[in-house]
Structures are given as structure tokens and as C-alpha cells.
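Given next, in C-alpha cells, is a single chain: the form predicted on its own.
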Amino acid sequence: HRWLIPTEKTPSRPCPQSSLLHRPLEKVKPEHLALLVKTEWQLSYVTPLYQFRHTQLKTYARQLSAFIAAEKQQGLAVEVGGLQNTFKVSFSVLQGLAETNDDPETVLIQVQSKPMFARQEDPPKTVWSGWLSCINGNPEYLQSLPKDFTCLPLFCSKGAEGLSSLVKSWLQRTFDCCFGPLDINQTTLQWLAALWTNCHMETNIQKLKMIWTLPVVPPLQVTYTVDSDDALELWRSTRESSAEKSRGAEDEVCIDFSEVTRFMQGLMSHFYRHFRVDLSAGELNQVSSALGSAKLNGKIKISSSRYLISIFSLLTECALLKMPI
């Protein structure tokens, strides 16, 4: 039971109950939640980590601190300018995000340093953050891994690209893993548009904003903003039409991909009637609402923790599908 992003190899099927229900995050410390929301994260996928141990986080922090400092002294971290050569790294567990017994706990990595000309009494500042996560991961895949491997396929980072490269390099050398970019494809953007619209029944999303790029010369960017109530009315009519077939209690809290497709077709048809522009000929690049934003280039911002589990369950599935076999 998980989000399943339909591809040529995987048929569409409903997603789990958690996809439309927000789960209270009482077990997650408020200060940890504050670190995750209202920040734009760059997404990557990462293959399983060999001999990673949640009990060794303090050791990893010392090793990564020394690695970053050594690389900067050698002049290799040229993009991390303006900082002192002393870096403090912390690894911590974000308990309470795991949805199943198979999900490893999320790990947060933070890098702190002082500006080059800071006073001695000035506290260090967090100059880079990243986290490794697996939320509602594919149980068959997770259970098939040898015991020495830990699967945390979703890597989110913010901060200087030079530091991101150094952290990834250390993780690759230490745990024999590989990283790759995790774009948010159009299918996923459409899922998020539907999910956020559905959330308007409980939380005011203010508006649904979508940005398309059309293949003309020069390329034409189209911004399509829909009033939240109008978007919800269309979404409800889409859900009602699919309810003509028998719908159980579980289906009421699931999104089927065919519903997402009809919802997007309805939005594009409305735009065509008014402007005679066929958005289906273009590429959806960005979706946003008061609950967050997501971009085709793999950047996402969650403005409320209320639906964090639903969204990062979806992104975990995307990361697992993107990993090389």
C-alpha cells in the first residue's frame, strides 16, 4: 500500500489511505518540523547505504566535519567561500516520520560554521542542511535488501552547492552509495495539484497556480491561476463522476490516477475555451498553492506540516522508481 506513480512498467492503481488523510505528527519534535517546512529543498535519489548505522551518528558527524575542513583547506570546496575552516556537523534522527515498521528513521544532517570575520563570541550559523528519508517505502523492496543495507532513497538538501557536493562525496565514499537528480515529473506535479486542491476542503489553499512552457519559438511561458473554490468544484465533480462505480470507504480517501487525469483535462479545457491555447501541447513546469510549491527541476517547498507525510510518501516512491536497477 503506497503511492504508485504510473509509468510504462507500472499500471495505475489507487494510492493508500494516507495519501488523502493528514496524520498528526505528535511524535515529531516541533523544532524538527520547523526545519522541514517553509524551506525549498533540492531533491535527489540515493541508492541503499552499506553498513550505515543509526547508532553511529556522532562518529559520522566527526568524520564529515574533518572531511569538509580538509577539502576546504586544499582549496577543493571553492564554492564554500566566506566561511572559516572550522565546520561543525551534526547528525540527528527525526523520529516519528516513519510510517511502517520497514521504514528506517529519517536522518537530518546540518553543517554549521562562522563567517570569515565573525567575532569570537558569535555563535556558528547553519550554512547547509540535508535529510535522508524513507516514508511509506515499497515493503517488498525494503524487505528484500540484505541486512547490511539501509534504504533512505530520498535526499533533500539546501545550501551552497559546494557543500552539497562535499556531503554527497563523503556519503558515497563511506557507504558505497550513488546519488542522482530527482526531477519532479509532470505526472507527480499533476498528483500534487489534485492533492492540494482536495486539501482545500480542510485548509484554505488560496489559489492553485500552474506554469506551463509551450513549444513555440521563442518558448512561451503560461501562468494559469485558478481560484481555490473553482478548482475544488471541478475536483469534486471529477470525484463524483468516478463515484458512479461502487466506491468503498477506502476509496473515499484515495486518489486514482484516472481522476487526476480528468481533473487536469478539465482545467486545460477551461483554459482553451477562454484563450484558444492548448496547454496539453506544452510541459507543466510548476505547481503551487498556499500549502507549497513544486518545480520540474526537483525543487519543492512544503508550507504546512499537515500533509507532509502524504507528499513525502509520494516523493519516496519517485526516488525508488528513479534508482538504477
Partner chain sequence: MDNLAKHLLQRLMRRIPASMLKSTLDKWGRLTAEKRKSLDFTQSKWTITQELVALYVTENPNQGMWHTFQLLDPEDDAHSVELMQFKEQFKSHLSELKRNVSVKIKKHTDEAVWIRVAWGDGLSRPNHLKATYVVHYLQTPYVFVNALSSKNKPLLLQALTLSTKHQQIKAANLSGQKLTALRDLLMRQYQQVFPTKYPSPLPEKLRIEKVQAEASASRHRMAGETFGDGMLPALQSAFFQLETKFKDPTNEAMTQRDEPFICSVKFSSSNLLESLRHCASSGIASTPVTPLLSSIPLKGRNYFVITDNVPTA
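Keep in mind that this is a model prediction, so the values were computed, not measured. Residue numbers count along the first chain shown, from 1.
Heads up, the form predicted together with its partner chain isn't pictured, but that's what we're talking about next.
Candidate site formed by K27, V37 and Q110: none of these residues places a non-hydrogen atom within 4.5 angstroms of its partner chain in the model of the complex. Listed stretches are 218 to 226, 193 to 201, 101 to 109, 141 to 149; the contact stretch with its partner chain in the model of the complex is 218 to 226, by a heavy atom cutoff of 4.5 Å. When its partner chain is considered in the model of the complex, E283 lies well away from it, no heavy atom lying within 4.5 Å.
Though the partner is left out of this view, F271 does reach within 4.5 Å of its partner chain in the model of the complex, counting heavy atoms only. Contact annotation: V277 falls within 4.5 Å of its partner chain in the model of the complex, judged by heavy atom distances.
Its partner chain in the model of the complex comes within 4.5 Å of a heavy atom belonging to L214. Of the listed positions (E161, E233, D183, D176), a single one reaches within 4.5 angstroms of its partner chain by any non-hydrogen atom in the model of the complex, namely E233. In terms of contact with its partner chain in the model of the complex, the residue from Q95, T86, Q172, S237 that brings a heavy atom within 4.5 Å is S237.
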